[in-house]
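Below sits a lone chain in structure tokens, taken as the form predicted alone.
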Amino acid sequence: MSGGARMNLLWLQSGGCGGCTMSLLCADTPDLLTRLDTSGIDLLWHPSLSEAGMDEALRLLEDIRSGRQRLDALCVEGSLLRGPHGTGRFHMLAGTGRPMIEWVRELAAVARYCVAVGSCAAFGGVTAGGSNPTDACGLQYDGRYPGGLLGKDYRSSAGLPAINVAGCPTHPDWVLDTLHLLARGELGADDLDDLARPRMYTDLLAHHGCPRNEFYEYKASAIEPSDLGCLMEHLGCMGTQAQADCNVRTWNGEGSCTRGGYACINCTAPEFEEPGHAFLRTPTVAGIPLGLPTDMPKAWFIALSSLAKAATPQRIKENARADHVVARPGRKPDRK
């Protein structure tokens, strides 16, 4: 906020698992409440973290809706449930007799900023998978398509679309850094990508900083999840396509999916929940992965892969199919 004013924040949870709040609690340098305070952010209410009872919370919502209480940032976690038949009655806000989607529409209309926390709130996410019986969607997207609950033309009072801090779950720093920039008035439309995600974490790929990159360079691939090799060729890894800085801004200071032996499933993208194949299997045609790096022509990938495999050092071949280092790096003989 300009002029040294503090920014207030209201957090609502809708159709989801609450995993983004659980992730948020993992903020540790410093902790969540210290990060909010030092960023100049006052938490008005959070359904899991606040001590306020239901009556106090409902008075707050009414005050915001009526204009008696200013609302700077509305954070919504979880997808918005429009069913059945557009009524939203699959998710009623307890104590109000009204669907959550009605509250979100009204609060978003008066909020200075509207933030979708997690891929469910951004695009619909896992809750919108399959036949989507609850008609779940994101704040301003329905899968990959603009629209969602608020409509493609929605803009908050600051003139921004709903800001999609996508991820399943979100990295705590993605959320807190976004809120910090909003509080300082330093996040504008140019700082968002074409899916309204903050570029401060989507200008990189999950591939960047992956400790398996030496295996990727030589196309020395893992066969089993416990193998050390690259997970792209056989085990479904989409790190070369996933826009997120997971291996640069690691989780809890040291972790990421690929560091933990699990393939990146591109969870910051819309419709990641239904890739059309098992998450841990790479679909191929004639042995060539269908999901190639986003900025590499297929012919180049095939040519480079063939050359790289032919040039793979024996050490890398052996380690790629092992669950620990079995071949150590060689050393040039000392000069006499």
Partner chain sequence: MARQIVGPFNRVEGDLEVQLDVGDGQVDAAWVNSPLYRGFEQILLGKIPGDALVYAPRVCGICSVSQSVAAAFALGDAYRAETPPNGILALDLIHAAENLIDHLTHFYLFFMPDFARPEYAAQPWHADIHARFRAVEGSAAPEFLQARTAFMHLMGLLAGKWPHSLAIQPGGCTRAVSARERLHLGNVVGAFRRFLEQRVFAAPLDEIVALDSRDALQHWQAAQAGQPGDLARFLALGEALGLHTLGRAADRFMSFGAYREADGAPLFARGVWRDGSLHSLDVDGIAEDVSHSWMAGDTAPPRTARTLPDPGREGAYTWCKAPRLHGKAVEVGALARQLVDGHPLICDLVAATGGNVLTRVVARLLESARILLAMQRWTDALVPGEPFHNPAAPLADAEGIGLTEAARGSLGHWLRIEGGRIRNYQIVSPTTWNFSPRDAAGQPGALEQALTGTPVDSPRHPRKIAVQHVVRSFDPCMVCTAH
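Note that the structure is a prediction, hence the values are computed from the model and not measured. Residue numbers count along the first chain shown, from 1.
Omitted here: the form predicted in complex with the partner chain. The next part is about that form.
Student: Looking at heavy atoms inside 4.5 Å, which stretch does the partner chain contact in the predicted bound form, given the options 105-113, 89-97, 194-202, 146-154?
Tutor: The contacting stretch here is 89-97.
Student: Closest heavy atom of P313 to the partner chain in the predicted bound form, within 4.5 Å or not?
Tutor: The answer is no: P313 has no heavy atom within 4.5 Å of the partner chain.
Student: Does the partner chain come within 4.5 Å of any heavy atom of E224 in the predicted bound form?
Tutor: So E224 counts as contacting the partner chain.
Student: Test of understanding: in the predicted bound form, would G261 fall inside 4.5 Å of the partner chain by heavy atoms?
Tutor: Taking the distances in the predicted bound form, the answer for G261 is yes, it comes within 4.5 Å of the partner chain.
Student: Should S256 be counted as a contact of the partner chain in the predicted bound form, where contact means heavy atoms within 4.5 Å?
Tutor: Answer yes; at least one heavy atom of S256 falls within 4.5 Å of the partner chain in the predicted bound form.
Student: Give me the residue from L60, L292, A308, A27 that has a heavy atom within 4.5 Å of the partner chain in the predicted bound form.
Tutor: By the 4.5 Å criterion, the partner-contacting residue is A27.
Student: Exactly one residue in L71, L182, C168, A220 has a non-hydrogen atom within 4.5 Å of the partner chain in the predicted bound form; which is it?
Tutor: Contact residue from the list: C168.
Student: Just give me the residues of 12-31, first to last, that have a heavy atom within 4.5 Å of the partner chain in the predicted bound form.
Tutor: The stretch touches the partner through Q13, S14, G15, G16, C17, G18, G19, M22, S23, L25, C26, A27, D28, D31.
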